[in-house]
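Below, in structure tokens: the form predicted on its own, a single chain.
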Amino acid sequence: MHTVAVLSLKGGVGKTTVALGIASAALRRGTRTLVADLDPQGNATASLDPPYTEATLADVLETPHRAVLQRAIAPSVWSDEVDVLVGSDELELLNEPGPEGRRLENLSRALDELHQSPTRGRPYDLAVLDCPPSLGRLTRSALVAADSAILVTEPTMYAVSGAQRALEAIKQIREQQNPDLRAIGVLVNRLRVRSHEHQFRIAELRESFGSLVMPTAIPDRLAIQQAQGACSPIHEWNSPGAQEIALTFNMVLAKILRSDRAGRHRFRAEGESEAETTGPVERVRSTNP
């Protein structure tokens, strides 16, 4: 099971949109997926609309045992192939900053337990960790448990500083607790291609982070909010804008899977070149808004 953390240290940039988009692409591919909702706002849980569970991820982080996992995981309304490790507002109580010691490893222990002995059906191929927009215990726990991390940002004046802080957090966790962790890339969300401001900010990101900035971006489309509001995977939402976004998430998932095949012990330093294409940030062409 490959575990990817989706994070941003700034709220409102569409981090949950990316986590759900990856899960939607995985569903279309036939990749059995678990979405773990670490954000106390619970937006991923709401969009996946699982049935009521007796426990939540907050209970799992306190007691990472199989019996607790069984009570905290439920099928999503999307499909039995996408399960939810259910979030709750109680997670906010566990998001204290500062040293946490061995408690940071509880999510990793839970996922290891789940990989060795699945609670529902066949084993998961992919776990997507939707992190809160802060660097407290919850995000650090996700980075300790993850094989890879995707940073989500918008093309705004704060994008570079937010991405830099997130990359520093990844580097710190890699050095201190999880040497297998690697940054897959910086993914730009809500891109308006004709906006000179957006293109300027993307150029700033690329100047600072080079090939870590993904060569495709998620366009600003109403279809995302429509699909999430209807509790539907973006790949099943019938509109030209949704199809455009779905193709972008297919590319993101492909990069995650290539990263897994490349080996979990190869972490490339920030700014070091990769074999991926590193041309201008693009979107999939569409003739519809």
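Heads up: residue numbers just count along the shown sequence, starting at 1. Because the structure is predicted, anything quoted here is derived from the model rather than measured.
There is another form of this protein, the form predicted together with a small molecule, and it is not shown here; the text below is about that form.
Peer 1: I need to confirm a contact call. Of Ser88, Asn106, Thr216, Asn189, which residue comes within 4.5 Å of the small molecule in the predicted bound form, counting heavy atoms only?
Peer 2: None of the others qualify; the residue that does is Asn189.
Peer 1: I need to confirm a contact call. Of Ala246, Ile224, Val68, Leu27, which residue comes within 4.5 Å of the small molecule in the predicted bound form, counting heavy atoms only?
Peer 2: Looking at Ala246, Ile224, Val68, Leu27 one by one, just Ile224 meets the 4.5 Å heavy-atom criterion.
Peer 1: Please pick out the stretch from 189 to 197, 135 to 143, 160 to 168, 206 to 214 that is in contact with the small molecule in the predicted bound form, where contact means heavy atoms within 4.5 Å.
Peer 2: Of the options, only 189 to 197 has residues within 4.5 Å of the partner.
Peer 1: Using 4.5 Å between non-hydrogen atoms, is Asp59 touching the small molecule in the predicted bound form?
Peer 2: Outside the cut-off, so no.
Peer 1: Can Ile22 be called a contact residue for the small molecule in the predicted bound form at 4.5 Å between heavy atoms?
Peer 2: No, no contact at 4.5 Å.
Peer 1: With a cut-off of 4.5 Å between heavy atoms, is Thr31 one of the residues that contacts the small molecule in the predicted bound form?
Peer 2: So Thr31 does not count as contacting the small molecule.
Peer 1: State yes or no: in the predicted bound form, is some non-hydrogen atom of Gln41 no more than 4.5 angstroms from a non-hydrogen atom of the small molecule?
Peer 2: Because a heavy atom of Gln41 falls inside 4.5 Å of the small molecule in the predicted bound form, the answer is yes.
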